[in-house]
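Quick setup: the structure tokens below cover two forms of a single protein chain, split into structure 1 and structure 2.
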Structure 1
Amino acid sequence: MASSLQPLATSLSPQERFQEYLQAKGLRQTEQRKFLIDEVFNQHEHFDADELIERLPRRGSPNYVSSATVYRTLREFVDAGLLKSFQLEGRTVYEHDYGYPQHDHLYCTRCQELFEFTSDELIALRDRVAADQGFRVTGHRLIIQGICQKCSQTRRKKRKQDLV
């Protein structure tokens, strides 16, 4: 997935933040949880549970994690404020939340790529609309759907009238 966002400085690593969450909930850190947090935060990309499971070692291999543990741990990562989840075309997509700025997305419906962007103008508009309604903003999510530049160019080249 395309990304132009840079991580923000944080006082704790995602691993340390998750450890604090587990302690607060009275849960213990397991090897599977440690492996999953490293795997998820090793790269910045959007993913669903099935994509993550596909990247993980298979049953019988070192660091194997069951599908049930993956789904449960992803919910814990969201509860801990490490990941955000949202629905996209019938699937739950996860993205890094901890250590990344508020941002929005462009979604290409052809290649299914998510492009992240930030916009001061959009934030100003959001805040102005909220203020006009006496509304206190705690966050927002915007996903603009369309066709990306690469997919638009690919289609144009294949049209018969363009080849004549």
Structure 2
Amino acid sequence: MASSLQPLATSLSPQERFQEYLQAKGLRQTEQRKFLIDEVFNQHEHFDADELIERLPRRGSPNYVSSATVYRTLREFVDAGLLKSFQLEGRTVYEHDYGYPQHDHLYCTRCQELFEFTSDELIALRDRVAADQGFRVTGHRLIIQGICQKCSQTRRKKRKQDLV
């Protein structure tokens, strides 16, 4: 819901791409890995390890995956280029990377939602700044904090009511 970007055309699904990664590394295709990649690419929202674990089957249910395996697998997804991760208020937040354009974020500090945007201008600016300092760029992370439109409106309404 917070996304306004279009997916990129990809020749392989995330599942297929992960298979290739596993084969290239001599790793195995397990039930847990298959299940997790489906879960993770089933939706596009940002999430952290805990949120993912919360919506997975509980211990004892079919398809249960232990937390340790979730953490291990999320790291593999990042290594495989399927997910990106970044830090936000102490949590490690994951988002789709494969099949999704490079982008940055607006973060609403009231509702905690992340909104995406792209800016070629930002990339140009970044490269110029880096070149100035003799830096070889490998990436960047920009998060703009503030209050989103919806939250601003909510607050405004509440204030009017308070005055009544």
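Only a predicted model underlies this, so the values are computations on that prediction, with no experimental measurement involved. Heads up, when I say rigid core I mean the largest set of C-alphas that superpose within 1.5 Å between the two forms. Please note that residue numbering is based on structure 1, beginning with 1 at the start of its sequence.
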{"query": "Displayed copy of the chain that is the form predicted together with a further copy of the same chain", "finding": "2"}
{"query": "Exceeds or equals 2 Å, Cα of residue 54 between structure 1 and structure 2, core fit", "finding": "no"}
{"query": "Core-superposed comparison between structure 1 and structure 2, residue 139 Cα displacement 2 Å or beyond", "finding": "yes"}
{"query": "Residue 120: Cα shift of 2 Å or greater between structure 1 and structure 2 (core-aligned)", "finding": "yes"}
